[in-house]
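Quick setup: one chain, the form predicted on its own, written in structure tokens, and binding and motion questions come after.
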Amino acid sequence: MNRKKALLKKWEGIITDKSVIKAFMQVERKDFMAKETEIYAYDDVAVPLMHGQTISQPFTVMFMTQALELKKGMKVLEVGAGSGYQAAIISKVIGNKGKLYTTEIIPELVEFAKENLEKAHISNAEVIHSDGSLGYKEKAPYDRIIVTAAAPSVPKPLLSQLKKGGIIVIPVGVDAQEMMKIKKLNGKIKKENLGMFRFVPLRGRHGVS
């Protein structure tokens, strides 16, 4: 059994969305990592990137993607491009008619993510150098929003840029985080706690720094 299939077996009964599983099989995590860390590509652990950032463990990436309840053709905002791996997975799920805008506050990671997505032939994702805690008003509103760093609270700009019926998946907290799934329904916000996780801090005006 190859390492990808071994991970899927480990997640059996938890990661069940067929489109997410298909995307996982299509995208090579090692292509979004530094050469010296490629050996850990299919270990279920977070791996360091530059500037104190990480590429999340594969389970976390798949879990958050599944929680978004993505459909073909959706417009998605990702806050925290990192190396571009999560963006690649989402892009595969939403298909060529979908569009992903992914923000990154660290210039070197912006370039790294762009290069990685280009090499992976991902054409429906755009990496933007900006403070993602403010969202990305230029292309709002969004069907879905995902935040890949720990926020002290849910940034209000993200809520305002979410479509009616939309979903945000975001880790909230300081030392350890609650993974929150937030739905915007009939003018009201419905929150669901999906469990405890650990992320690097969200940077920017509505982040930790």
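Residue positions are given as counts along the sequence shown, with the first one as 1. In this text, all values refer to a predicted model and were calculated from it rather than measured experimentally.
The next section is about a form of this same protein that is not shown, the form predicted together with a small molecule.
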query: Residue 37: touches the small molecule in the predicted complex, heavy atom cutoff 4.5 angstroms; finding: no
query: Interface membership of residue 105, the small molecule in the predicted complex, 4.5 Å heavy atom rule; finding: yes
query: Heavy atom of residue 53 within 4.5 Å of the small molecule in the predicted complex; finding: yes
query: In the predicted complex, residue 169 touching the small molecule (heavy atom, 4.5 Å); finding: no
query: Partner-facing stretch of 158-166, 180-188, 65-73, 143-151, counted where any non-hydrogen atom is within 4.5 angstroms of the small molecule in the predicted complex; finding: 143-151
query: Non-hydrogen atom within 4.5 Å of the small molecule in the predicted complex for each of 27, 58 and 125; finding: no
